[in-house]
Every structure is written in structure tokens, then in C-alpha cells.
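Shown next as C-alpha cells: one chain only, the form predicted alone.
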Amino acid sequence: MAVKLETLLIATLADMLDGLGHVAVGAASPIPGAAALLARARGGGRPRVSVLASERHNPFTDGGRELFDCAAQGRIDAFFLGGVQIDGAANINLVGVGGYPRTRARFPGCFGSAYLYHLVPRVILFRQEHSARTLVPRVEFVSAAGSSPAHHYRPGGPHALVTGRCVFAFERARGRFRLQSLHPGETLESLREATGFDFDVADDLQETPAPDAATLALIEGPVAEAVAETYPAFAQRVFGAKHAA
């Protein structure tokens, strides 16, 4: 039975979080947030999950400042970042397009992304749109760099890029992405056509696996209920779940 793309993405991201101690999720991130909550449900309460903007799933009381403190202390194992543009070296652009500083389109800004990118060991890049417009040869503005010179202290960095079409693993030694799996209905040819940057291909390239029955039951049950607290419109659209007052 085919599953919704959102469900596939939640399960795929959750697989990257199993066994970690603390996963933090930023604002406006319903799919990463649901993935973190799924990982916690499968792990019997581990990893600890901090979803910004949530009242039930966020231990912080001072917004992003406490999140940044935890990252600096090495107490966050995974975080999610996206971008208006992402390039093949895992650089992200959250500022604008059209040639800085005279950008034709200006976006909200970096929100500490460069700081977290350098400190959190497993940063998962997530962008549901997968097109040559968003995945580019080189970002027009580097909000957060995917790599740093060898002499720089940098415990954090990119782990993977998950999109609405595929999963890329990031090879830090080579500074480029390797295609790991294709979502159902995609081919290597269709992916190359939709991707602006060059990438390697895994020898064992496979189709992204659908969640098993137990995982699907968790996603559509307790995870949907939990994520509805912060993202009721998303939960209603994807799961038909309503926020319980």
C-alpha cells in the first residue's frame, strides 16, 4: 500500500535519529518535528526531543538562547536545517536570491544557522521541494557553510539531505553528496534532471523504504496527536488529526 509522501519523509528522517540522546527542532518544521517525536516513541522516551514553539515538547523557557547554549555545550546530537537554496557542498542560503545585497527576493534571515551548523554533530538538511531552482550548483549567498578549513574547530556539520524525491548522504571527506535512495516513482535520470548540482551515486542505490506497519501506526496515532499541538493545520491535512485543547 502506498503511503503519503509526508509519512515517508517522517519515517526516513526518524531512522537517522535512532539511538541519539537529544534532538532539537526549530520553528516551522512539522515534518522534522514529527520525525523526532517518532524516534522518541520508538525509543521508549529516547532521544529527548526539543521542539521550539511547542508547549508540551520543549523544555526551554527562553526560546532560542537556551538551544544555542545547549549546542555550545555539546548537548544536542541532531538538528534540522533547510534553505532557499542548497548546493552540492551542503552550503545553504537563507538570505535571498538575485545578487546580494541587491536581492530581488529577501527572506527572513539566518536565525543562528551558521552557529548550529558548526556545533551540532548531525545536521540533517531537509527541503521538500526538489528542483534545480532550490538545489543549485552554488548558493548565491552562504548563510551557513557545509564545510570549514581543516584548522577550524568544527564538531558539527551536514549528515544528509532529504528531499521530496530522494535521500543524499553527505561525504565530509570529499565535501559532496552521495545519492543513497530514491523515493518511489523516481529514477536516476529524473533526479539528475531536477538537481542543479553534481553528486555521486551509491553502489547499492535503492528505493527509500516505506515504514512498516508498527511505524505507520505510531505515525498516524501518537505522533500525529503530539505534532498537532504545535502544527494543527499540518496534522489535520496529513492525518486528519485535530488539536486537542
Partner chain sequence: MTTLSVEDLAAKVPDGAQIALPPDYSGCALAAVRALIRRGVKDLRVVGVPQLGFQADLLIGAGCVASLEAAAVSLGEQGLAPRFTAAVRAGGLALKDSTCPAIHAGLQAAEKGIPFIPLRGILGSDLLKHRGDWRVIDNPYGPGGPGGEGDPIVLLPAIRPDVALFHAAKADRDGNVWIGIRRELMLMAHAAATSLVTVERIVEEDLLADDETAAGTIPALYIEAIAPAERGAWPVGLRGHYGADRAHLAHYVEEAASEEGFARYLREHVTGREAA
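Remember, predicted model here, so these are calculated numbers, not experimental data. Residue numbers count along the first chain shown, from 1.
Keep in mind that the form predicted in complex with its partner chain is missing from the display, and what follows is about it.
Between 115 to 123, 129 to 137, 75 to 83, 157 to 165, the stretch whose residues reach within 4.5 angstroms of its partner chain in the predicted complex through a non-hydrogen atom is 115 to 123.
In the predicted complex, its partner chain sits within 4.5 Å of a heavy atom belonging to residue 232. Though the partner is left out of this view, residue 174 does not reach within 4.5 Å of its partner chain in the predicted complex, counting heavy atoms only. Its partner chain in the predicted complex is not approached by residue 47, whose heavy atoms all lie more than 4.5 angstroms from it. When contacts are judged by a 4.5 Å heavy atom cut-off, residue 43 does not count as touching its partner chain in the predicted complex. Interface residues of 94 to 129, taken as those with a heavy atom within 4.5 Å of its partner chain in the predicted complex (partner not displayed): 100, 101, 102, 103, 104, 106, 107, 108, 109, 110, 111, 112, 113, 114, 115, 118, 119, in sequence order.
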